[in-house]
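In structure tokens, one chain follows: the form predicted on its own.
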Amino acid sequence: MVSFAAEPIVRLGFFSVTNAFLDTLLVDAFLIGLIIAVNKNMSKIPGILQNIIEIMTEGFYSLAQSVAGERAAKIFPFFTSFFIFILVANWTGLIPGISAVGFYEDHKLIPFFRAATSDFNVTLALALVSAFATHIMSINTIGIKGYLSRYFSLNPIYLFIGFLEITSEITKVISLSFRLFGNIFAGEIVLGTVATIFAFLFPLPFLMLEVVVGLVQALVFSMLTMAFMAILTTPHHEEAKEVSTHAV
């Protein structure tokens, strides 16, 4: 049975090194190693790895341009970073045998690695980073006055709308973190249950389904972050023009 909370592997004073934290380090090490390998082997005649990276980069940047327009250059690094990190973190939990390597405590197997995104602490941290980066980008793009005018006004109607905007920012963090955590954690439970009952062949369709779920959830999180950044970096008067244009 998969534990709801990430299990501690080592305790360093007040800090517990959990299996989700170790998985985060594993994902970071893999991505840093990939970046170093690509940079070392960059050439005018690209190899397979460089070709894949270039195609992905062009595709993601085109997608960012279609959503954010001229602000794509600012938003693209966040969008891509969230997608790649979350995708790899989701898929690490699907590596065959990774959940079988660990130690026993109270007659229960504690795996050394657990998909980082199956720990709510990780998904909440990702959602908070997304929200913080979005608001900092908004201030840098439209200025502090334009940013505050979204939430505060002397007009009572606009002030109420601003209050709703503030509430929506809180719900965005809750929605992003719980959606990602719920889907990945539920997948871990399903795979763990099926693998316990049927050890051969039968779990494969569920495994393939979780591969797709991991991809979709990484895309949903990163796309929503990109959409929020595009909206908050657009001045109010431009939003009004867009709304009136669509209405016409």
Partner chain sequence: MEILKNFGFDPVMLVAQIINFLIIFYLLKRFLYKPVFEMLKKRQDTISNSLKQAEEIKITLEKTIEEEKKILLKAQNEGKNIIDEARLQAIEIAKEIEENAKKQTEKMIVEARQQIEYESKEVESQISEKVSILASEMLTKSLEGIFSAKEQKQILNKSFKQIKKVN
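Numbering follows the first chain given and starts at 1. Keep in mind it's a predicted model, so treat the numbers as computed, not measured.
This next part talks about the form predicted in complex with the partner chain, which is not shown.
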Taking heavy atoms only, is residue 65 within 4.5 angstroms of the partner chain in the predicted bound form?
-> no
Flag residue 57 as yes or no: does it have a non-hydrogen atom within 4.5 angstroms of any non-hydrogen atom of the partner chain in the predicted bound form?
-> yes
Closest heavy atom of residue 164 to the partner chain in the predicted bound form, within 4.5 Å or not?
-> no
Are any of the heavy atoms in residue 24 no more than 4.5 Å from a heavy atom of the partner chain in the predicted bound form?
-> yes
Spot the stretch among 114-122, 138-146, 101-109, 87-95 with residues whose non-hydrogen atoms come within 4.5 Å of the partner chain in the predicted bound form.
-> 114-122
Which pick from 212, 32, 204, 189 sits with a heavy atom within 4.5 Å of the partner chain in the predicted bound form?
-> 32
In the predicted bound form, do 158, 224 and 230 all reach within 4.5 Å of the partner chain through at least one heavy atom apiece?
-> no
Though the partner is not shown here, which residues of 56-82 have a heavy atom within 4.5 Å of the partner chain in the predicted bound form?
-> 57, 58, 61, 76, 77, 78, 80, 81, 82
